[in-house]
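Below you will find one chain, with nothing else, as structure tokens; this is the form predicted alone, and questions on how it binds or moves follow later.
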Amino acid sequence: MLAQFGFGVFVLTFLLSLFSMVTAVLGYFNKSDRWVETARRAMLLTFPLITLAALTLIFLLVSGHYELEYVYSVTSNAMPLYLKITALWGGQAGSLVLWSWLMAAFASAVTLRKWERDRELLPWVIVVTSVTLAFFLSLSIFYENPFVRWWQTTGGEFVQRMFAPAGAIAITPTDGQGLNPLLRHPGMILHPPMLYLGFVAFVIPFAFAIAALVTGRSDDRWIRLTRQWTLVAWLFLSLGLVLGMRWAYDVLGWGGYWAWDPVEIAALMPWLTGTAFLHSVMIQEKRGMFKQWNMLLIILTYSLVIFGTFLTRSGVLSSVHAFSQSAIGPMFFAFIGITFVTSVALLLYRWKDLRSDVEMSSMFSREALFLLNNLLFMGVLIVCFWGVIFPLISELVTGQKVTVGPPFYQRANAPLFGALMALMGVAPLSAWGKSTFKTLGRALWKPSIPSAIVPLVLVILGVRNWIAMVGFTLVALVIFVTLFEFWRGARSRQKKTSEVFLVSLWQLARRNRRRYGGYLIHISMVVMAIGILGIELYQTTTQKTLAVGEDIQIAGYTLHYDSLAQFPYTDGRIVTRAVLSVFQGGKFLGELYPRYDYYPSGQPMTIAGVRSTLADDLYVVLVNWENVSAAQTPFKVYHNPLVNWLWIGSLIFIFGFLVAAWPVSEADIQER
């Protein structure tokens, strides 16, 4: 009965979203505020309705209604309560419910704002959000229904249907298969909701952009209205990517955080265009430039959000964290095509109205460097997009799927990322409007001096890899330029106010949060780059089969194999755990406990033993675990230099974002 109730609520919400879309269009063309208000209220109803359906599904998951196919596939009696709740997004059908739930929440929230000044935009914001919501609800209703249940037909066949086939008997298993072990890591519990929040939030600025195109608004009002939405979307998408990297590092046994997996790239692509958009809109706000470009960027971001969701759910990609083959692929493909073509057609229709108010006057101005920054992001996007779709094209043309591996992405993207780092060091010192090579050089020479010392220090330390020399020098340049900007701004304020330097620095950052928060985000990115350079250029690995009492050496460390134990766990899994003592120069540093867990469902999971310091990680996994014994245990050991700076950088990123996005008071604005 609860399943039918949840499904009925889904159908009602789907019809309500269609009603909201139609009444918004009618209200706009008939200039009827009553119709538009009706559409707004209909949209506001979608969130409590989907909340009701989602809570119904969560209750069914928690209470073990294994007669439902989805509950059976992602939960079991042995799973703890928190995993049963998070199983909502542990499978295809449930993840689409979460997508719709978040979409309804964001769409409802945006319609609650005061619309007196921007009344003409409201109908089309409702239309775009309603269409997107209706599309995802249609997937849940017609293709990936989480409320279907098991039935046994008169011929003895087990089928999954919403309602009973003629003569069929309801089947209620006593236990379920349980959540995929790979999804039980804390990072994976948080990773999908963060990504979905980022994906869904980007729909809001896209909706305002389309509303501006339809109504002919060529000013930057739509950008100002959606600034916070865009920042929130970018934050959640960034956190989703970082959490996904941490999950991969801890669980997959890759020995690294990123493998250029197609699903990883599917989430990275909208982040690239979203980051370019965040930089570019500042130029439109300050200089009235790049209006056409900004429209194109937000259209691309929305399309890539839908495209990324399509890639992970259609079954067209082979990935450890893609969903299985599904019939929703053609629906996604059609929706992407229709929305993209319609959006670009609108943009072309308004193209002349979106011409810039001023012309670019210098190739060394800040706006020129921001444009170059955008083009570099687009270069990375093209590389990633081609790498993802090439296997599909090769299969279509030749009948064989040719996979594009990490070397392709690394070689193509390395110079682009290097150029982006160089721009992070140079662009803050350039001026708006007119700027010359001479004035830029005059501002750059002071922070360049300590940066130039870095390669000398690296040579003394024995570094000979030229990529590392260039990379770490660029990291130093960005850090010193950013610190120089903080120092220069604080000194200028100190001269005017006679404040103590630290007070001036605090007041400067407090009153210019967006600017100096952005600088902190730049620092976070290059701190993360330290970890990336360390593991990508200097990772070493070795593999050896040991008997208890034997050793394995790597990067100056000695790992002594102490013991192997196998024991059952409370949830029914069988744990096989090795114990290794770690020594360096004869000094005992601690123990590592690599293991693998074998679940009753037959699914194994490898858990690495990791020793972490600021300098490096020792990362040990059991391999070929099917034939492990105390006399013959195969280990694979990775030495990952500097990798923890990647996670430190992510913490600095969160702090920088909070500084940049924190609301500025009216008093601070007036003082500025």
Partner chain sequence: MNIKNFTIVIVYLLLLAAALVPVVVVSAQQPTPSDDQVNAIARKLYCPVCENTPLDVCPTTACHQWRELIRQMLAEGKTEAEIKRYFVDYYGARVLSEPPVTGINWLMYIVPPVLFLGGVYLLFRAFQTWKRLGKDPVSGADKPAKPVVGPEPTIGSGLAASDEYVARIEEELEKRK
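This one's a predicted model, so the numbers in the text were calculated from it and none came from an experiment. Positions refer to the first chain, counted from 1.
FYI, the form predicted together with the partner chain isn't displayed, but the following is about it.
Since exactly one of G187, P455, G489, G518 fits, which has a heavy atom within 4.5 Å of the partner chain in the predicted complex?
Only one listed residue qualifies here, and that residue is G489.
Given that the partner chain is left out here, which of T473, S601, T545, S448 has a heavy atom within 4.5 Å of it in the predicted complex?
The residue in contact is T545.
Which one of these stretches, 475-483, 253-261, 273-281, 565-573, sits within 4.5 Å of the partner chain in the predicted complex when only heavy atoms are counted?
Among the listed stretches, the partner-contacting one is 253-261.
May I ask you to state whether D357 is within 4.5 Å of the partner chain in the predicted complex, using heavy atom distances?
Yes.
Taking the partner chain as it sits in the predicted complex, is T403 near enough to touch it, meaning that at least one heavy atom pair lies within 4.5 angstroms?
Yes, contact at 4.5 Å.
Taking the partner chain as it sits in the predicted complex, is V582 near enough to touch it, meaning that at least one heavy atom pair lies within 4.5 angstroms?
No, no contact at 4.5 Å.
Does L376 reach the partner chain in the predicted complex if we count a contact as any heavy atom within 4.5 Å?
Taking the distances in the predicted complex, the answer for L376 is yes, it comes within 4.5 Å of the partner chain.
Under the 4.5 Å heavy atom criterion, name the residues of 422-436 that approach the partner chain in the predicted complex, in sequence order.
Sequence-ordered list: L429, A431, W432, K434.
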